[in-house]
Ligand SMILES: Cc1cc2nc3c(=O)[nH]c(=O)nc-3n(C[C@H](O)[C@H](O)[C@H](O)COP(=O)(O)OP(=O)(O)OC[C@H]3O[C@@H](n4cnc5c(N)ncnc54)[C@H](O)[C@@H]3O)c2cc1C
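In structure tokens, one chain follows: the form predicted alone.
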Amino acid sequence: MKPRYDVVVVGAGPAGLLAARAVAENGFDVAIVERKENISVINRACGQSLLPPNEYFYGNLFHYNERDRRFCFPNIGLSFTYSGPIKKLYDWHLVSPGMNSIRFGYPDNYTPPVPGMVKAPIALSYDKEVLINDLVNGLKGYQVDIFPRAEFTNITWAGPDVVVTAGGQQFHSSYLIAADGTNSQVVQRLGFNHDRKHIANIYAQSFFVKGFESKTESEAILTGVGFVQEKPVYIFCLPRPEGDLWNILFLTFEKGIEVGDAADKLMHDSRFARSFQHIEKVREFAAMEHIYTPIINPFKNNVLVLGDAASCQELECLGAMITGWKGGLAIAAALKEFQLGVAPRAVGEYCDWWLNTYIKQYDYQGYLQVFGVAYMFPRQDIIDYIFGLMKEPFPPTFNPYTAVRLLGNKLQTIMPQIFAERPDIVPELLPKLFAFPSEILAKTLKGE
């Protein structure tokens, strides 16, 4: 441990590790503090899919370079080794409580319209533990000290230094990068949450399983919603990148539902039982995440907040990577600005990018609308009816922001049919469609 570092990074996920690399590559000393003992071991429920490799996301394109086994972001000059397996996923099936299905994917007879174009996947299934291990190994040779079992507990300031207490030790630095996830303790300690609205919590239980029987091809993602105690519980089913393993996630916003019990009930529910009747659980994970309105300005008192810590709930792994890399470069440039005595601009430019890209272009209300579909419609039978009207496949995407835009456009086109066929549901439906998803979630969960 050094007496002083240029930058301390809290959190050794994709955002924190890439931020550390960006700073260290520019010749500065970095310390990473991480609460876990084994950084690469994943205990938190996670979809472990990278989306979307078939469209721009937060202003960037992304792809897997199979030749060199690297993840690449050509817009921002980022690439890094990924030595693990990959599975390309091409379709997403969104299933209603009554088993009506909406499909986002390519037509069965699809051929690229122009020579040289490719049929790009909508997501990549990957091994996050291998990814983290590769990112850690990529820091070797730089001036980066990693401190596991060092949970952040406090932040103070002493003259020009930011002083972080983690694992019972104090770390002095010029800047702190907070990349400690959706339940960020740095964000809480800095008081950012006083200016944010708490919308809900999401509770998750997930399993790696063998023997899952999918009704679709193995290159598809399945999403459904079941009801336990008349409350919605979402199911996400994604194939793992190799072998016959599947990643099955159960999520609910309902505090009164024990998500593990709900998962067991849904796996025995007649609608889903066939898929689960022969499964063998290999690993089990859990998570609880706070959902807040996003942080508008993620820089305060020489602390830059990155990744999920600054967003509504999650930026997805690609978003964490992009903000980690760009934020790390901004802090490296800020350190160089100080050395040269030039007017500071780098951190301000990053904050402008965050405002104009994430805050203004990726509305968190749309993100919540996809996750809260069971709350956006008044009853289960209305969800079934509307899903039944959307028979034609949508364009291929697993991007929640794109999906909600496509669904919204389609809903507008079928509204005349709904008015004609089911005028009885219109008074219940319209108020929900014109309300903010965050307000619907907050009010429903409070029992209003």
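All residue numbers refer to positions in the sequence shown, first residue = 1. Given the structure is predicted, the values throughout are model-derived calculations rather than measurements.
Note that the form predicted in complex with the named molecule isn't included here; everything after this is about it.
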Does any heavy atom of A150 come within 4.5 Å of a heavy atom of the named molecule in the predicted complex? yes
Going by a heavy atom distance of 4.5 Å, is A204 a contact of the named molecule in the predicted complex? yes
Are any of the heavy atoms in P400 no more than 4.5 Å from a heavy atom of the named molecule in the predicted complex? no
Residue contact check: C46 to the named molecule in the predicted complex, 4.5 Å heavy atom: yes
Q185, D308 and E314 all contacting the named molecule in the predicted complex, non-hydrogen atom within 4.5 Å: yes
Partner-facing stretch of 374-382, 335-343, 315-323, 68-76, counted where any non-hydrogen atom is within 4.5 angstroms of the named molecule in the predicted complex: 315-323
Among the candidates A287, L245, V136, A220, the residue which, in the predicted complex, approaches the named molecule to within 4.5 Å (heavy atoms): A287
Stretch 118-140 - residues with a heavy atom within 4.5 Å of the named molecule in the predicted complex: K128
